[in-house]
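A single chain, nothing else alongside it, follows as structure tokens in the form predicted alone.
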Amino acid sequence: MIEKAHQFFNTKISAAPLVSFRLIFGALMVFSAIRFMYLGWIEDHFTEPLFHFKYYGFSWVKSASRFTLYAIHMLMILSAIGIMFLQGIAYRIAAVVLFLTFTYTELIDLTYYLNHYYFVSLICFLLIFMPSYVSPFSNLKNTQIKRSSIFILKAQIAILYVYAGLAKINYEWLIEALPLKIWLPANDNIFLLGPLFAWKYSPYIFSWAGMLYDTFIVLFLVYTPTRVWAYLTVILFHSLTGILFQIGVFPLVMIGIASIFFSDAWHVKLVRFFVKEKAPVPKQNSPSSNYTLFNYLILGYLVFQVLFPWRYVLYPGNLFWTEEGYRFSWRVMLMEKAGTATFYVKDNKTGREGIVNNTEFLNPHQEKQMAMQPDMILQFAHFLGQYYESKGMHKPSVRAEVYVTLNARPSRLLIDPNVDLMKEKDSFKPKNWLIHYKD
């Protein structure tokens, strides 16, 4: 079995799909970074908030000055251009810089987490290890690379789609058509599509179509006779999600990189449409290095990506309610959730207790995300305790009254309002101060 895997990974194939992928992905990264700066999100997300929520284990990642962040985004743009056109050590440096700059900006504040940011970071990471001796100027008809390079990119795309589809196989999504039953009618004013979204059966059709699309689209992209029709479906599906939801350039990213499933000849034509080949060179093969270790690393990476989304089974309770194990599991747009969080800070010397005005510390987006996610509630409670202690309070206690609504059901308490959150620490262990959802 292992020997067959090595043979599969080491088989030589055309380098054209990789070169095409680098051009498309790099161009999308350039567009995304420019858009981010143009919309003023560096200020909104990073420099104006007084407090930033952190990913567990990454509290050491700090924001930077406005000038530094603009410089980082310019470096991101240059490195994205680098992965499009450079080769050799210059390409490798560009790929490392792109991964570090993009991932750094995503680690600054947890409230801006999206599945597609995580996906982009993974792709940037994988590009670091792609063959560096190819470029758009190479003789693509003759240049070959190991199959493992294309396979790992296709596999990562497949994992995203398949897990997104499997996550939709649940009672609320398929039988009750939630949360699409909430979202679609709210968009009934969209030009041409509004009446379709308002039709009472549309949420059920869209729910089942979304599940089937995510679960099976990669199979139809792989199978040559259905590939063109499948790609048209990719365009239609992601165009609709782009219209309905605020998910940035993710639809464009998926439309662009899904083209990796097309034939070698198609990719050669695409690259040559934008970049003219330099003087023809003899046939180039991938270096004859021993790729055994690299193949084991690929297998290890894939095993991790397949198993990691299942960690939620180790936690008790309703996943959508507790969100323990929810992130990084490709659960895309599965619930409508909102909350209100009122924090109480008590001076343990005088016994006086006061209510916190969250808007003094958080912007509207941060407050919205915090008020329904337990780990963020805990982080903010610790921040408040430290802040008011610095203002003269004696060993303050912090408790929170948090009411959350899930898929338009009546609000319920998310956490025990009597627990002193200053005494609780975040970890991978289940949070015993949550009030579990019972329906």
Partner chain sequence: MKKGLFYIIISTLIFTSCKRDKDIKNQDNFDREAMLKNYAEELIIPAYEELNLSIQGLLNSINSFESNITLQNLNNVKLEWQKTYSVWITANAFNIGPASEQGLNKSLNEEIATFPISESKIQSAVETGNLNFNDFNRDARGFLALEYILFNGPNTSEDSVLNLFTIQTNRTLFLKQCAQNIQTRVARVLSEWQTTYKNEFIARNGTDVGSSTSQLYNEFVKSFETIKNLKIELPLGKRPGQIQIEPKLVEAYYSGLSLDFLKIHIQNIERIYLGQNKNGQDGLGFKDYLETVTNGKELVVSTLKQWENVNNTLNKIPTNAPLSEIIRNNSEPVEDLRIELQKHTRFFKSDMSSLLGIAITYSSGDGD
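Owing to the predicted nature of the structure, the values given are computational and were not obtained by experimental measurement. Positions refer to the first chain, counted from 1.
Keep in mind that the form predicted in complex with its partner chain is not shown, yet the notes after this line are about it.
When contacts are defined as a non-hydrogen atom within 4.5 Å, all of Val332, Met393 and Glu401 contact its partner chain in the model of the complex. Contact between Arg92 and its partner chain in the model of the complex is not found at the 4.5 Å heavy atom cutoff. Interface membership of Gly354, defined by any non-hydrogen atom within 4.5 Å of its partner chain in the model of the complex, is confirmed. Within 4.5 Å of some heavy atom of its partner chain in the model of the complex lies at least one heavy atom of Lys200. Residue contact check for Glu324: none of its heavy atoms lie within 4.5 Å of its partner chain in the model of the complex. Contact annotation: its partner chain lies within 4.5 Å of heavy atoms from the stretch 219-227 in the model of the complex, the single such stretch among 264-272, 219-227, 136-144, 300-308. Screening Ala158, Leu193, Ala338, Val96 for any heavy atom within 4.5 Å of its partner chain in the model of the complex leaves a single hit, Ala338. Of the residues Leu362, Leu319, Val345, Leu153, just one reaches its partner chain in the model of the complex with a heavy atom at 4.5 Å or closer; this is Val345. Taking its partner chain as positioned in the model of the complex, the only residue of 45-61 that brings a heavy atom within 4.5 Å of it is His45.
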